[in-house]
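Take a look at this one chain, the form predicted on its own, written out in structure tokens.
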Amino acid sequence: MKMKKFINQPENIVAELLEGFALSHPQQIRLVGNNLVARAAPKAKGKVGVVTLGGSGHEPGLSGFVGEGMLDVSVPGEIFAAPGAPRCLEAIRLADYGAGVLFIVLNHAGDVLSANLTMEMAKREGLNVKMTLTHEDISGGTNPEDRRGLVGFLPVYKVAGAAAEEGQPLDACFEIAERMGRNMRTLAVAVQTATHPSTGHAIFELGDDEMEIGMGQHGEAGTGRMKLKSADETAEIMLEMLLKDLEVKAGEELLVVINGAGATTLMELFILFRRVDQILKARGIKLARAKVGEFITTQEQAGFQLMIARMDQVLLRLWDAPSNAPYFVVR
């Protein structure tokens, strides 16, 4: 079927979406420099800045989480493409308030390449930057370096951003981000493809009666295709894999995030969450916090990401701390 999207010229998509985003949230974010998304009110001097990068087309990820208590600057690339290192370096300079910068990067090849080049350039300039990589997608195998970064960016932004807002030093913010990263796991499932808005082409193929667990953000191959399952069956399969990989025990406290991929309704997500809650209760695992909604999408892809994270009292306090980011307001 021919792509149906309300766009103008494909080459102007990113500039126009960012312009509209900034105009719709003027109290929280602003566009600066070479289309960087920054906090409307910069952080006080002497605090750690927090920066991220990533391709556009996944709204509200990632720029929707710029704001007080979360990110200071986001560097959006073109559709599904990482931005170049010069713009990332510009963002780091902008977010340097005198206490260093934490650079949070999702583990995707293009993002990591840009981030590594950025770190080399920052080092040559004498900038104080630490980079942390999110890689919580268990479909990548047992080696953490092979695991992709999916919606797990959200708790990392939140707890590290809250620590930075409190005035904690760079080493402490880095340690908190790393601790959050070690204690989270994600698994995705897709049932329907999306179209690339710049080309109109489907980004992967999937049969009408099929689903694929473990599929990546851009349709990267997962752990294998299977016939479409019910909500309860799908939740059971995915949660069992996540609990096993994270080695969750009875009595532990979890954060659960269910992230819609773009075309999956809240109706479906709530039905899935219901089953997740039932399973956790049956196993004596405490649901400490939860979020259900769209945090990173892939256009009109149908499916969702299920993320669990082991929480402690420090991480819970930082998760609950105030934020005014456009798509994560906590009062």
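Remember, predicted model here, so these are calculated numbers, not experimental data. When you see a residue number, it is the position in the sequence shown, counting from 1.
The same protein has a further form, the form predicted in complex with another copy of the chain, not shown here; the description that follows concerns it.
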Testing 127-135, 192-200, 178-186, 239-247 against another copy of the chain in the model of the complex with a 4.5 Å heavy atom criterion leaves exactly one stretch, namely 192-200
Just to be sure I understand the contacts: of A162, V257, M211, L254, which is the one whose heavy atoms reach within 4.5 angstroms of another copy of the chain in the model of the complex?
M211
G57 near another copy of the chain in the model of the complex, any heavy atom under 4.5 Å?
yes
So in the model of the complex, does any heavy atom of I13 sit within 4.5 Å of another copy of the chain?
yes
Does L280 make contact with another copy of the chain in the model of the complex, using a 4.5 Å heavy atom cut-off?
no
May I ask you to state whether L272 is within 4.5 Å of another copy of the chain in the model of the complex, using heavy atom distances?
yes
Using a 4.5 Å heavy atom cutoff, which residues in 241-264 contact another copy of the chain in the model of the complex? It's fine if the answer is none.
G262, A263, T264
